[in-house]
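The chain below stands alone and is given in structure tokens; this is the form predicted on its own.
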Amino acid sequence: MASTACFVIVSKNDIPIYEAEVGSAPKKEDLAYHHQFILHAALDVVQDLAWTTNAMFLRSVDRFNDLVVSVYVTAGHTRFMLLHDSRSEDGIKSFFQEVHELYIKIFLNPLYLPGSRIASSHFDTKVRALARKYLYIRGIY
């Protein structure tokens, strides 16, 4: 079963600081741009919702065909956005919470400049492992 998932961390200034295609669906360059476009289009909805609730996990905020955009907003207004075709809300919430812990570790690193791209291979490996664990995605390398 092919599964689609694209994970992006967007800074409070609307700059993507981390991107990963974590699905097991066949990789196509056009499809990656399509996923980025869907996530970018959902940013306005996320911005409006973030100010109307105290919850960090905003659940599904937008839909496109069979794809759903789920969002987690940190206290510093950094958005974790996941484009997926999964139905496991509990798994998605757990994924976001654990990635948030990883993000805090990166953020507290004195060598990391806030708002800059996250280029750590360790962070990337951990995010992909969490995607396998919580989003029930197989075949991620």
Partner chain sequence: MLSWPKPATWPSIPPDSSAEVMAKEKTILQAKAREKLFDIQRKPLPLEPSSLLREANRRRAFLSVGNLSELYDSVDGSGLGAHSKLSPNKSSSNLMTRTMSGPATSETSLPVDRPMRLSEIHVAAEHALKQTISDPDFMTSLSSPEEFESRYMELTKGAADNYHRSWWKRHGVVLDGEIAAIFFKHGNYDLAAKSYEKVCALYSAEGWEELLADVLPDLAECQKILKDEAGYLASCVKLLSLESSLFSSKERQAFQSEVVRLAHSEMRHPVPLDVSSLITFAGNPAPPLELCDGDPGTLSVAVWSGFPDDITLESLSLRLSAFSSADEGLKAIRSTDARVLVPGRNIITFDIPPQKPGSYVLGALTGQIGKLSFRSHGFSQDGPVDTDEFMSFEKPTRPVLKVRKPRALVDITPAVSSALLMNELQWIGLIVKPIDYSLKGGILHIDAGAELKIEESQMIEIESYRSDGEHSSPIDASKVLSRPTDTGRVEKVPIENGKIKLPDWASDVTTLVWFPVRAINDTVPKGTSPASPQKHSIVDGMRMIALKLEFGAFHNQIFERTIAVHFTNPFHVSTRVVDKCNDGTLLLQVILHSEVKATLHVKDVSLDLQAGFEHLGKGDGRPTSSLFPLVIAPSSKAGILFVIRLSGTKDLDELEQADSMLHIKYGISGDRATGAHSPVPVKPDDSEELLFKISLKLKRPVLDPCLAVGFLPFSTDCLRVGQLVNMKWRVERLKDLEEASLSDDEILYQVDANPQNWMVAGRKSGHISFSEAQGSRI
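What you see is a predicted model; the values in this text were computed from it and never measured. Numbering follows the first chain given and starts at 1.
Keep in mind that the form predicted together with the partner chain is missing from the display, and what follows is about it.
- Only one of R59, H34, H77, K105 comes within 4.5 Å of the partner chain in the predicted bound form through a heavy atom, and that residue is H34.
- When you look in the predicted bound form, the only residue of Q97, T53, N109, S116 with a non-hydrogen atom within 4.5 Å of the partner chain is S116.
- Not displayed here, the partner chain is kept clear of A129 by more than 4.5 Å at the level of heavy atoms in the predicted bound form.
- When the partner chain is considered in the predicted bound form, N13 lines it closely, a heavy atom lying within 4.5 Å.
- Although the partner is absent here, L43 sits close enough that one of its heavy atoms falls within 4.5 Å of the partner chain in the predicted bound form.
- At the 4.5 Å threshold, heavy atoms of D90 stay clear of the partner chain in the predicted bound form, well away from it.
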